[in-house]
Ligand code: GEK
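Presented as C-alpha cells, the chain that follows is alone, the form predicted alone.
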C-alpha cells in the first residue's frame, strides 16, 4: 500500500478529484482519514450475509477500489448474487478491476460474482436489488441528484432490500460540530498528516464534498419511501445509515 503524500505536493487550490494519483494512494488515504472506515467495511459483509438474496443484484455505487463489493461478495458467497461495482473514475476502475481479479482468484468457490463497470451511478439502472451500498458517494453529488438517486434506489430495491449509506455529516449542534471537526483533525494528526496537509486537503474538498445533517438524510430517505431507518455506526462526523424497504 502506497503512502498518501499527495498534499505534501499539492497546494489545495485545485478541486479534489479521483484521478490516478488519488487511486494509487486511496487505501492509505481512507485508513488515515476516515475513522471507523474498516469497521464499516467489515459490517457490510455481515449485512450482506443477512440481506442478500439468491438471484438478485447488489450495487456498490461509487465503488472506488471495490472494498464494499468484496465485503458483499464474502458475506454473500453462497447466494449466487450479481454484485455490480460502478464508478465514474477510469483510474479507480482500472485498479478496482485488478483488485477484484486477485480477490476472485483467492476465492474461486464463491457463487457470487462482481461485475466492475465504468459508469455514472446516476445513470445506473437499479433493478431486482437486495442490497445497495453508497459508501461516501452521495456527498459528492448535488442536492437534486441526491434526491433522484435515493428515489431510484428505493424503486429498484426488492421488498426487504437494504440500502447502506455512509457519509460525512454536519452535527445539528454548532458547538458539537466544532468539537467533532477538531477531533477529526486530531485523528489525522495521529495518523501522521501534517497541519499543512490537513489544511490543503480541506481546501481542495471545499464545494466538492458537501456534507449534510443526519436529519436531512433521514428526510430524504423517508421522502423516497423508506420507513425503517437507523444510524448504525458513527465515529466523530462520519456516519453509516441503514434503510430497509418494506
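Only a predicted model underlies this, so the values are computations on that prediction, with no experimental measurement involved. Positions refer to the first chain, counted from 1.
Below, we refer to the form predicted in complex with the named molecule, which is not included among the displayed structures.
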{"property": "Contact flag, residue 18 vs the named molecule in the model of the complex, heavy atom cut 4.5 Å", "result": "yes"}
{"property": "Exercise: residue 163 in contact with the named molecule in the model of the complex, heavy atom 4.5 Å", "result": "no"}
{"property": "4.5 angstroms heavy atom contact with the named molecule in the model of the complex for residue 137", "result": "yes"}
{"property": "Interface membership of residue 56, the named molecule in the model of the complex, 4.5 Å heavy atom rule", "result": "no"}
{"property": "Proximity to the named molecule in the model of the complex, single hit among 115, 94, 78, 120 (heavy atom within 4.5 Å)", "result": "120"}
{"property": "Sole residue of 34, 214, 43, 49 within 4.5 Å of the named molecule in the model of the complex, by heavy atom", "result": "34"}
{"property": "Partner-facing stretch of 186-194, 61-69, 214-222, 173-181, counted where any non-hydrogen atom is within 4.5 angstroms of the named molecule in the model of the complex", "result": "61-69"}
{"property": "Any residue of 7-30 that, in the model of the complex, places a heavy atom within 4.5 Å of the named molecule", "result": "18, 26, 30"}
